[in-house]
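In the block that follows, a single chain appears as structure tokens, in the form predicted on its own.
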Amino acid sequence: MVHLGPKKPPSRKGSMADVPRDLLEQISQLETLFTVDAHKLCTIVDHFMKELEKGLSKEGGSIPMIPTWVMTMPDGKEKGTYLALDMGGTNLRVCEVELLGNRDFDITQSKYHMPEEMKTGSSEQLWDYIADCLQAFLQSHHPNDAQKELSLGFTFSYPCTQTAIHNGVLQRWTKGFDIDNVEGHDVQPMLEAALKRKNVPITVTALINDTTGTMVASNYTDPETQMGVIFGTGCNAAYFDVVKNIPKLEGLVDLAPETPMAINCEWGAFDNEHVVLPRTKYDIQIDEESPRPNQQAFEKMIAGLYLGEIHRLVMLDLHEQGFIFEKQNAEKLKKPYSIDASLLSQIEEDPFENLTEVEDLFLSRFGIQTTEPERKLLRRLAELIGTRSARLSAAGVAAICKKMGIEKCHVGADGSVFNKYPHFQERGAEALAEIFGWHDMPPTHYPIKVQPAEDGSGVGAALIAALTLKRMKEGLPVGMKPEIIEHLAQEHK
């Protein structure tokens, strides 16, 4: 499809006047199923707040609420050169971040491919490969420098238990990794041993998760930021609480009650008990057929990985009932996860009244010839699924703000759904306005703004390394009491 001119015209719904009554009825039913009204949103927020508290309690709850041992926000005056390493599922990213001391920074970065065989190889192979990549980075960017010891912030976004900022015992591999003798072990000494074997002058100063990094990096450039959120393939949030609000740390730390503590919520697990989220039969099917049923209930309703799958299940259901794609071969629609969130974005962004781009899309991708009324139903369905995701996401942001008594702040957001899904940001802002009752206010004046974040796994990781070094130099703790760490390590052996 060729578009002339610099910019697509805005997306528009188009008239439903030519849509047959039976399809209109289906659209109406879908609207009832997928719409989360203001009253329901407020009920979800209230329950969410209770679950956040439960996660911080000694007994714990579905939401893990993990203390990250990041205990200071940057003041913007941080200076120096730090490294960041982000170990993702497909790439390793190495960054050198120079903090300039005026809430500004310079960044140099390189990406290295993570070979597939490495993801199921030996532990030593993995850490040696990472050490080689770090060495290659230093050699290419500082070929003639006498290499001084550098501090590294390691973004390791896999489920970990941390007793201090620089360590992390891997609970379980995700993202396709399955390497023996790493689960149940601290990853920091393994990486440091490889760096020593290769004579690479780097110390692992901090082990962080990308959401915490997002919050800290965003706060560095914009001090009004009090929360970091990810709305992408998965979803998560981080915010600063204070030690006295975290009963599960009682007796484990030598910290004043008012000490800030960044919490990595891992909030995809909200409402695993299915108390309050308005699940449809399609959400229930996704959960039951997933590798981990009854886990990540919130994530399965809002994250990019699942949005296309919800759309596919609804289409298949309507087709099997004879409402759409009559006498068409819908075999290609039967493959699970064959539709991703980017396809829903394309459906929503079709600028033409008769949705000719959607027509071309379904013909080329699925071999299905669609009618204009069917395309209008598909567009409305994409809008409903995308809007529900944005509104439920906003409920999580509102719950943290209400829990902490925050009435005005910025929230640094990252992830493909937040950055690329059409109208996600506006729909989320509208939901916040309904929850907080900002009725007579233009969106530009909303006191809580969710906006694009700074680079969490690069700049954020480097900043956290800088903040950690500063705490250590001041003789301040960066983890649990030493005797507790020692006791836990012995117990683990």
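Under this definition, the rigid core comprises the largest set of C-alpha atoms superposing within 1.5 Å between the forms. A residue's number is simply how far along the shown sequence it sits, counting from 1. All figures in this text were calculated on a predicted structure; none of them were measured in a lab.
Note that the form predicted in complex with ligand BGC isn't included here; everything after this is about it.
Checking 387-395, 374-382, 335-343, 151-159 against ligand BGC in the predicted bound form, the stretch whose residues place heavy atoms within 4.5 Å of it is 151-159. No residue in the set 218, 226 and 400 has a non-hydrogen atom no more than 4.5 Å from ligand BGC in the predicted bound form.
Within this chain, residue 230 lines the site of ligand BGC in the predicted bound form, having a heavy atom no more than 4.5 Å away.
The shortest heavy atom separation between residue 236 and ligand BGC in the predicted bound form is within 4.5 Å.
Although the partner is absent here, residue 209 lies within 4.5 Å of ligand BGC in the predicted bound form, judged by heavy atoms.
Mapping the unseen interface onto this chain, residue 120 falls outside it, with no heavy atom inside 4.5 Å of ligand BGC in the predicted bound form.
A heavy atom within 4.5 Å of ligand BGC in the predicted bound form is found for one listed residue only; from 370, 188, 296, 163, this is 296. Among the residues 72, 174, 81, 139, the one placing a heavy atom within 4.5 Å of ligand BGC in the predicted bound form is 174. The Cα position of residue 175 differs by 2 Å or more between the shown form and the other one after fitting on the rigid core. With the core held fixed between the shown form and the other one, residue 87 has its Cα displaced by at least 2 Å.
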